[in-house]
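There is one chain below, alone, in structure tokens, taken in the form predicted on its own.
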Amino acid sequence: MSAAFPALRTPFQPPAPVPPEGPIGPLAFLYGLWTNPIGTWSARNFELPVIESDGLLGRLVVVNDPVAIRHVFVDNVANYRKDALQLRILRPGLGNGLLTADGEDWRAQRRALAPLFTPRATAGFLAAMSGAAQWLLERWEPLREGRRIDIAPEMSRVTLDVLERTIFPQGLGRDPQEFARAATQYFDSIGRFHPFDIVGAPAWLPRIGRKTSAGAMSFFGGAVEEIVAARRRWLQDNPQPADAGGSADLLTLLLDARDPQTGLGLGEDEIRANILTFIGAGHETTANALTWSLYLLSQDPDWRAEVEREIDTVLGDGPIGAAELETLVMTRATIDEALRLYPPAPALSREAIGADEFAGCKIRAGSTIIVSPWVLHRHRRLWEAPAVFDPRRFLPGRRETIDRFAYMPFGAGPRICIGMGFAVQEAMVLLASILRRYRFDLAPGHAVTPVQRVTLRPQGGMPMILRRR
């Protein structure tokens, strides 16, 4: 299919920080980590397979070699654990859930939660996702042609609606707009690398700029307590059949989850931590992927027309089912390319427990291994025209040539994002539903800037002009 498309007429190069040619000094590095970490990667990182260095963060090994990445994330995964800096930033807010747990604690949670995101369970939420998409379209229906709206919070709101329909069928118990604002506030605050975290200062020392996250976390904590208590009361009055399987909501499945090896369920703290992860990181990453997809399409009218034609042909006025999603290859390629250019998690890091060797490098115990999808997905040795928006690279016949460990928007190995299938299906349903009815163009005069705050989001939102098709 990819051969049917002509060469790009005017290749679009999406905005990204210009990599410095040489290494930057310690103060500039700290400032860069505080303001926008993706701007600290030098040009060498986008050209070399492995770079070793010693600095403020200790011994760092930045890896962009797919064979070496496989070694760290799969072949010798037992030797690499979550690093201390990552946990110092994430654990205060997200607790000890699946995203931040390690060792046997993580393995037990992973085994217990795996049934929640099987293909069968994920497919069971297709109707709920379509319902959320329809709610969004109806929300926009009264808006006038040419209305300027910020797509970023709109995508955040609709992905929260998906959570309400799949995880919290009795509602979030709070105004979803409050949830969206709290999530934005939380990521803006804890998503900054504070110098105290970098040097390993005690947790009791105040982090300037982190105070704003306290209100958000208090909001999340209280909401989660109420959600769990309400659901348990409801389940006592409405017992679920044993074979509910994929038809049950995710919160019920979470409360009933059992480790198949031990038969033990999750502890209260683990339940709360994973709900926070689903609400915070889960909805945030999908919302960002949709925001970036709509922006990229607005900058390539030719490709957007092809995607619209595909959606019109495959869907017409009918519902979106599993078979239709399989056929929407250009729509999927758009999302995949958006995830390549603006990956949800722009940096992954591990700490070497013991000495090791890969790619000709001797790794010392205690070294921090960094795999940055932001860099990896734009690496000049791995991609043709890596800085250009070209979804055709993900069409059938071409995507098979992409190395599994050169493209990893959801991570890789045993710790690959457990909700990957859920997130991709959600993004497909929402994007196809939006493009079937509407077309968005970037608001004149708005400069788009990607900024890393745990996830990768557009700074200042994404104002766009709404037009009906």
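None of these values were measured; they are calculated from a predicted model. Just count from 1 along the sequence shown to find any residue number.
The form predicted together with a small molecule exists for this protein as well; it is not shown, and the discussion that follows is about that form.
- A heavy atom within 4.5 Å of the small molecule in the predicted bound form is found for one listed residue only; from 72, 99, 158, 112, this is 99.
- A heavy atom within 4.5 Å of the small molecule in the predicted bound form is found for exactly one of 311, 296, 382, 163: 163.
- Figure note: of the listed segments 222 to 230, 351 to 359, 260 to 268, 285 to 293, the one touching the small molecule in the predicted bound form, with heavy atoms no more than 4.5 Å away, is 285 to 293.
- Taking non-hydrogen atoms only, residue 439 never approaches the small molecule to within 4.5 angstroms in the predicted bound form.
- Remark: residue 416 counts among the residues lining the small molecule in the predicted bound form, judged by a heavy atom distance of 4.5 Å or less.
- Taking non-hydrogen atoms only, residue 411 approaches the small molecule to within 4.5 angstroms in the predicted bound form.
- For the chain shown alone, residue 339 is a contact residue for the small molecule in the predicted bound form, at least one non-hydrogen atom being within 4.5 angstroms.
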